[in-house]
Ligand SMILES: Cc1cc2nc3c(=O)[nH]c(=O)nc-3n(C[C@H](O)[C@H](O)[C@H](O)COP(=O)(O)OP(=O)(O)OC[C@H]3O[C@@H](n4cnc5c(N)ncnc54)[C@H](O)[C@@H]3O)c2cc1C
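Here you get one chain, nothing else, as structure tokens; it is the form predicted on its own.
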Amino acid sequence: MTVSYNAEIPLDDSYDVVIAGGGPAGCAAALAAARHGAKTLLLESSSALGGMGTSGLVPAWCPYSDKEKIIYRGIGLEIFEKVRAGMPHLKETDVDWVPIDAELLKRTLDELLTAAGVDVIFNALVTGVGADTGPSGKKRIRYVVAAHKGGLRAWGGNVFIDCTGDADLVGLAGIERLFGDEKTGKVQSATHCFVLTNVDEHYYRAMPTQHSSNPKAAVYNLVKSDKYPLIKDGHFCHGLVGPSAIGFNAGHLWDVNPADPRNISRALMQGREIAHEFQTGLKEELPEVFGSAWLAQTAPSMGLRETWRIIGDYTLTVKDYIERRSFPDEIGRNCYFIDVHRTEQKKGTLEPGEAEAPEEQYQPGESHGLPRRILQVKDGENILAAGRNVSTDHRVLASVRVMPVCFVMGEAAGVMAALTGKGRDIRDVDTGKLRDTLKKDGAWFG
């Protein structure tokens, strides 16, 4: 059974750049576009900016360096340094696997975007796109529709940037997108992050390494125990995010489908149960550290590592990664390892994910380029993407999906959008001018 629903929707077409999604990529895109003179709107479906670093409670930044120098610079480094400076237990020399204070990150992003003049609308879920054929013969978005407490509203613009993580704008515009593994259609497993407080910091700092890389880590006892049926493998990352507060990126959930509201709802419920099992199990295994620990919070958002991604003017591949390839149109570099979290549960295994082949492990100082073409939607005229939904293959997505890389891609998309002339194709932006502008703003290309 279906129903028809017709309504007149108010339209505000005063914007130059409209961005959907306020995670790292979306925030960097909005800041870059606004700082370069574009009237910019950012629509965010939750009640805070920051994505996985805030609503997802991911407890640490992935590395900012290639083990020799910082390579993720520009806006992403600016945000990172502001948050690090507000955490007294961190040093200025800390650049890799640095803990995140989620509330401080929220305020930092609020302040930066407000100062840049970005219009931010929270709790606005994009539900529709108005698109037609542009002069180039490709799809041109004219407006997006979002639902919030004020009802349905529409916003028009010159360039639209899809930072939803799920390529929602692209899908709603009727443009083909890809989902998960090219062969199986499955996506990497998800994780529901959480925070334990009232942890004994002295014993936490002194305890043996409690990471899945240590075969004697306590998490493996939890995996083997019948008491904790939802803790199924050794994925166990954590960090001191505040006084006696430990953030956890631990455990996995498989077959999480964000397109199915019932599925994602069940996954969130199960994620909260997994967090409770970790709290209980760690009290038993490491009582001197977690004996009085309190489960303070589970993340408002599920930690999804992979869903839909665009088909771009170029698709970044594992071969590009292995060959440490450079590109004439690159807008940044990446060195993060191929961090695949299995697409399906494998019984009897304790490993957190698939091991990388030796050739996929970079040495200090090594990196590969990020071409602008992975941000450009192949069948779109004024549509860019940045973040987890850019044009890559399944395996290399496991490298470029993390927050420092998303900042780099988002900033490039924002600058490109600001430089795009009224009614023009985003490809009309000169690559040399784009790279010069990014470099002046602090980007690093090697």
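This is a predicted model, so every value here is computed, not measured. In case it trips you up, residue 1 is the first one in the sequence shown, and so on.
Below, we turn to the form predicted together with the ligand, even though it does not appear here.
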| Residue stretch of 30 to 38, 376 to 384, 395 to 403, 416 to 424 approaching the ligand in the predicted complex, non-hydrogen atom distance within 4.5 Å | 395 to 403
| the ligand contact at N249 in the predicted complex, heavy atom, 4.5 Å | yes
| Contact of G157 with the ligand in the predicted complex (heavy atom, 4.5 Å) | no
| said: With the partner left out here, check for me: in the predicted complex, does some heavy atom of G165 sit within 4.5 Å of the ligand? | reply: yes
| task | Flag R333 as yes or no: does it have a non-hydrogen atom within 4.5 angstroms of any non-hydrogen atom of the ligand in the predicted complex? | result | no
| query | Out of L230, L90, M207, L125, which one falls within 4.5 Å of the ligand in the predicted complex, going by heavy atoms? | reply | L125
| query | What residues in 293 to 318 sit within 4.5 Å of the ligand in the predicted complex, counting heavy atoms only? | reply | G303, L304, R305
